[in-house]
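Okay, so here's just one chain, in structure tokens, the form predicted alone.
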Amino acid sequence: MSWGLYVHVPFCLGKCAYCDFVSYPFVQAEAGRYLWALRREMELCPATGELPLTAPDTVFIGGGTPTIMPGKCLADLIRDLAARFRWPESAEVTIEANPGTIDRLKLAGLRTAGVNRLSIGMQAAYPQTLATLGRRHTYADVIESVQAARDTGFTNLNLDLIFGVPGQTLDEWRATIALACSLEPEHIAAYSLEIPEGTRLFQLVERSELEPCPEETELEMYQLLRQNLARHGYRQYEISNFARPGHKCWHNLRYWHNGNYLGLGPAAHSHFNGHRWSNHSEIERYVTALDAGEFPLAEDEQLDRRTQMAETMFMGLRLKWGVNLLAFRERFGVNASELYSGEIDRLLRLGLIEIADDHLRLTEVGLPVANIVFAEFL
């Protein structure tokens, strides 16, 4: 059975203005308690009854900002994870990093520990947009981080970008794409800004101190992104993800194929064969449970067959090639085109999807309004 391992490191320098992820300011003592609890959770994993005998073939260490941790702590943690789960040398092992939290010494330690893919949170290139997002780095820091990664042997880099930021112009976005491409990453992930309730950015918009990006401008930004990245040799393989040949993110592909993964750490989620569960979000509850020898379970759900099929449809439609209808039938024993005949006919008439080569996929018209398509399968 193929599966992936996700490890959540919930610490950051500070909360970005748009962030509603589970994260805490980095404090050494708190980080020490977290690391102890995480190692305890590794030991308890078989108690879930779900962990297969095979090793994971993708590993993703995310956050938060994992690289806010001291280099030795991170490298030791990765070695402990590798010893526990015994993934092969061929496994894709990714860690997220923010500019300003990595240097050559730390990156060299991560490479030695087995990390072979680095995802750097560039987000923007212009000072005003970085300030609006609440980021704590400059584009110069991004350049330095990429150079340090190359100097220490990383040959698989991703840059994260955000568009649709209040005050961001089309010209600025076009220049940001060009600056990102000039750094020659193997992969670029670019997301339309969401402003969740409760975030600092949400409050500024609510108070009319910032104007949200108009929808038509955001759509133009998305089309600019697709056109310009294609010219630089990046192939779109998912709504927000673009890669040079051979450099798709295999861990994230697992999510879009509605596959199996184990999550460790506060707020981490897991999914195995229709069984989904998540850990406590609060570090205190997470540590307390593990200290008592209990699994830090917050939610536990056995998905019914209808839900699994629906999730396979709308997650698969995020991919450029769409849902493999033959694989769907093999997995669930039914034809998606019959099960969702009404929804599919309606979307075909609207020109939002198409069927080709036994795949159901978004059209060029449907790609920018994918959420309308996804809603049909919920």
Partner chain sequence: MQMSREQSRIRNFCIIAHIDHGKSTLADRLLEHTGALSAREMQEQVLDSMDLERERGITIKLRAVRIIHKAADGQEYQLNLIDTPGHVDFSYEVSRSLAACEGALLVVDASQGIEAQTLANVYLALDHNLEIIPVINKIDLPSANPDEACAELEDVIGLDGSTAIRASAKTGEGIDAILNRIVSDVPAPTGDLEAPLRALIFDSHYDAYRGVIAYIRVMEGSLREGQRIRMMAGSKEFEVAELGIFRPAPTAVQELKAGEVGFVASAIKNVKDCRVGDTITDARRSATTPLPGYRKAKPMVYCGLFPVEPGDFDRLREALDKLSLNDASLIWEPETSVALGFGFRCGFLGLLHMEIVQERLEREYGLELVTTAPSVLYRVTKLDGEIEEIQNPSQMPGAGLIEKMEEPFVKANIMMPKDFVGPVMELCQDRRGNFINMEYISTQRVLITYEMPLSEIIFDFFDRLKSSTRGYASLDYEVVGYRQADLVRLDILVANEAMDALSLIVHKDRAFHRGKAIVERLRGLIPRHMFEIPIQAAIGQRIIARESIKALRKNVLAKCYGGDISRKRKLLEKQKEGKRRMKQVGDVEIPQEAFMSVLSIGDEK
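Source: prediction; values computed, not measured. Positions refer to the first chain, counted from 1.
The next section is about a form of this same protein that is not shown, the form predicted in complex with its partner chain.
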property	result
Contact assignment for its partner chain in the predicted bound form, among 209, 299, 89, 171, heavy atom within 4.5 Å	299
Among the candidates 237, 202, 126, 261, the residue which, in the predicted bound form, approaches its partner chain to within 4.5 Å (heavy atoms)	261
Residue stretch of 147 to 155, 110 to 118, 186 to 194, 132 to 140 approaching its partner chain in the predicted bound form, non-hydrogen atom distance within 4.5 Å	186 to 194
Check all three, 24, 282 and 289, heavy atom within 4.5 Å of its partner chain in the predicted bound form	no
Touches its partner chain in the predicted bound form: residue 369 (any heavy atom, 4.5 Å)	yes
Proximity of residue 273 to its partner chain in the predicted bound form, heavy atoms at 4.5 Å	no
Its partner chain contact in the predicted bound form: residue 255, any heavy atom under 4.5 Å	yes
Interface membership of residue 79, its partner chain in the predicted bound form, 4.5 Å heavy atom rule	no
Partner contacts in the predicted bound form for 157 to 184 (non-hydrogen atom within 4.5 angstroms of its partner chain)	160, 163
